[in-house]
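Just one chain follows, in the form predicted alone, and it is written as structure tokens.
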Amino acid sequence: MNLKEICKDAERIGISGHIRPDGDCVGSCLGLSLYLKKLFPKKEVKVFLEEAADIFSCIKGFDEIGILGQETPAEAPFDVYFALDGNKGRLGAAEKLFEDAKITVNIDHHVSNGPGCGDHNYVDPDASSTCELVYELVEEDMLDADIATALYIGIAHDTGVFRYSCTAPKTLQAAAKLISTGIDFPRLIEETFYEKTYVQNQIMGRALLESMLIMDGRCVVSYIDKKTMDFYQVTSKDMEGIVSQIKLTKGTDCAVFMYEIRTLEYKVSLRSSEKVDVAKVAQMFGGGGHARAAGCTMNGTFHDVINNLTVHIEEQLEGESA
């Protein structure tokens, strides 16, 4: 994919990622934006996302993101519009901006995306992150510390700081090249991945305290309802990292964490070992992701959701045992 060729005649370029943006989503959107602004300083390049966590404010351009629902783009369609880290169905309010654009581009690494949803597609399920794919599209002589900061954060977050199985030799080579620009990578990891506010630690503690082992201890589950979120005054942005912490429970092959976003509607996050492909489970309920990390939105009571999920998790575990 040649981004310079795709965007050369465009005057207005838009970029969006999936709803409830995580590190890879924010990093890839801002990293691409910084690259295109450097490549085409006279063109309008705008990022539109749902409100992202403040931990990503260290990325240049974070304070210029158009917040969907708060900022209304100009009515004229964009000349080129990018959907990053997901297909157009996960763009939320930005889906219409994407569909109305003259040229559409999809860059993603989710296996659930299929061939892509744009006029131009770069979808590689073997990549660690969308940031890794954006890195591959940026010319070496255009890479600078600002772009490297955005892309490094996204790669670090989607690989669990290079712990997950999606980390390949080329992932580490990309990270090494990004580090060579002089970024303060230990600080970036500490402040965006590990560091938590006091209330984030409280809500994580609540989730751990109320977690339960099911399926003979092979699956651990937990949830936070809206009433509890209101009590601690937390939002979806404060739930980052909880499911990964729960998955560290010894002896488990799968972890499920959910929180209530509306009455009887839950955002579900799944993590697993090599014995469960949680992307397949999430796809059953309109979600997606990776084999070891996926998510979806589901309706019903907590017990309804768990019962529906565990049918598919158990099928895989029983198949593995057989």
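A residue's number is simply how far along the shown sequence it sits, counting from 1. This is a predicted model, so every value here is computed, not measured.
The form predicted in complex with a small molecule exists for this protein as well; it is not shown, and the discussion that follows is about that form.
Colleague: With the cut-off set at 4.5 Å between non-hydrogen atoms, does T149 touch the small molecule in the model of the complex?
Modeller: Outside the cut-off, so no.
Colleague: Verify the contact flag for K267: yes if a non-hydrogen atom of it lies within 4.5 Å of a non-hydrogen atom of the small molecule in the model of the complex, no if not.
Modeller: K267: contacts the small molecule in the model of the complex.
Colleague: Just to confirm, S112 within 4.5 Å of the small molecule in the model of the complex by heavy atoms?
Modeller: Contact check for S112: yes, within 4.5 Å of the small molecule in the model of the complex.
Colleague: Against the small molecule in the model of the complex, would R90 count as a contact residue? Criterion: heavy atoms within 4.5 Å.
Modeller: Although the small molecule is absent here, R90 would touch it in the model of the complex, with heavy atoms inside 4.5 Å.
Colleague: Tell me, please, which stretch of 43-51, 286-294, 30-38, 62-70 lies within 4.5 angstroms of the small molecule in the model of the complex when heavy atoms are compared?
Modeller: So the stretch in question is 286-294.
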